[in-house]
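Just one chain is shown here, as structure tokens, and it is the form predicted on its own.
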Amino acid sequence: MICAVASGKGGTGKTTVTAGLAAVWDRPFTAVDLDVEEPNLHLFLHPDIESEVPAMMEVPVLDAERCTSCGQCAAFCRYKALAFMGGHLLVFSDMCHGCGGCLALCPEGALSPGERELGQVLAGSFEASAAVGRARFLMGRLRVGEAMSPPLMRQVKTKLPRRPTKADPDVLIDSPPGVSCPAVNAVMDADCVVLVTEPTPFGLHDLKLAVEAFRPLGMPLGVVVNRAGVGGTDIQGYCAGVGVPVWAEIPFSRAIAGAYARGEVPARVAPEAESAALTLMKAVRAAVAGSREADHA
């Protein structure tokens, strides 16, 4: 089972919820941080990093002597990574999406495959719950200045089973915030999506965007209300109106805030956070089981 934790906006507590699930999960699992632009799940789980591998992407390299300026490659590239200026072909490798189309099109073989570094893929393990012992940890870290995170996220995903079965460990994904390409890339293979929000006007607004973006993907959606008890926004009313269940509420609590500030997992030190994490774990499993039963009906 793959459970992705997402949010319509940053700062709602998405990483805190992921870490809380990791603290109470009682089956073998892998924790994955796909928020590669600003990964911080490791700050809570404190994994022992055992490998750090550069993530490379194929980009075209120009042999100017062979180029006849036919223009086929530049006309094909929708990302403007290839352009003609003054009759000369220019290659902007930072804008390349690595599709390889220009390499296949060039009739003179003036473009050959090269590489650019996207970032790093890190792997290790950490101490999880007593029932699990040590759990596997994966994360991507985007190179400073790199604009595209989805290719790196996909390379992190290659470290997971391509088609998970019941025999494979579960996967808990800390997704990037928002509803753009990186967020969709993170959740698209999941069995369910946990949407973390807060009872504020911004929280409700961006929760609506997240529901609209992720619901068409067809997996179960559920909401966690973080800092419940503050603000006057009717998150529950909205969720009831659109048919998205509230799976758990994390109360606004000084103990939880203090644990977060100290870099601790609140679910390990605050009973109310642990209770919310256990409630969420049960709701996630019930939703996935129900979805699978419906698929086989």
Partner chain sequence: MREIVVISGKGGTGKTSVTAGFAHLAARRAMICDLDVDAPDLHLLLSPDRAETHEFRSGVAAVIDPGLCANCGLCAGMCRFDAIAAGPRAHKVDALRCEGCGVCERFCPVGAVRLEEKLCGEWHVSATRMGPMVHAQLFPGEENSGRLVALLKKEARERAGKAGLPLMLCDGSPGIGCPVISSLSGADRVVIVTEPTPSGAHDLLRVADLCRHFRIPAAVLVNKFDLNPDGCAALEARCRELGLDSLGRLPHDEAVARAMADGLSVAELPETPVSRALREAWERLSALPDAARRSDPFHHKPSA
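Fair warning: this is a prediction, and the values are worked out from it, not measured in the lab. Positions refer to the first chain, counted from 1.
As for the form predicted together with its partner chain, it is not shown, yet the points below apply to it.
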Partner-contacting position among 98, 222, 124, 169 - heavy atom within 4.5 Å of its partner chain in the model of the complex: 98
Of 184, 138, 128, 74, the one that lies within 4.5 Å of its partner chain in the model of the complex (heavy atoms): 184
All of 25, 274 and 288 within 4.5 Å of its partner chain in the model of the complex, heavy atom check: no
Interface stretch in the model of the complex with its partner chain - options 48-56, 236-244, 250-258, 266-274, non-hydrogen atom within 4.5 Å: 250-258
Close approach of residue 40 to its partner chain in the model of the complex, 4.5 Å, heavy atom: yes
Contact flag, residue 212 vs its partner chain in the model of the complex, heavy atom cut 4.5 Å: yes
is_contact(residue 202, its partner chain) in the model of the complex, heavy atom dist at most 4.5 Å: yes
Proximity of residue 94 to its partner chain in the model of the complex, heavy atoms at 4.5 Å: yes
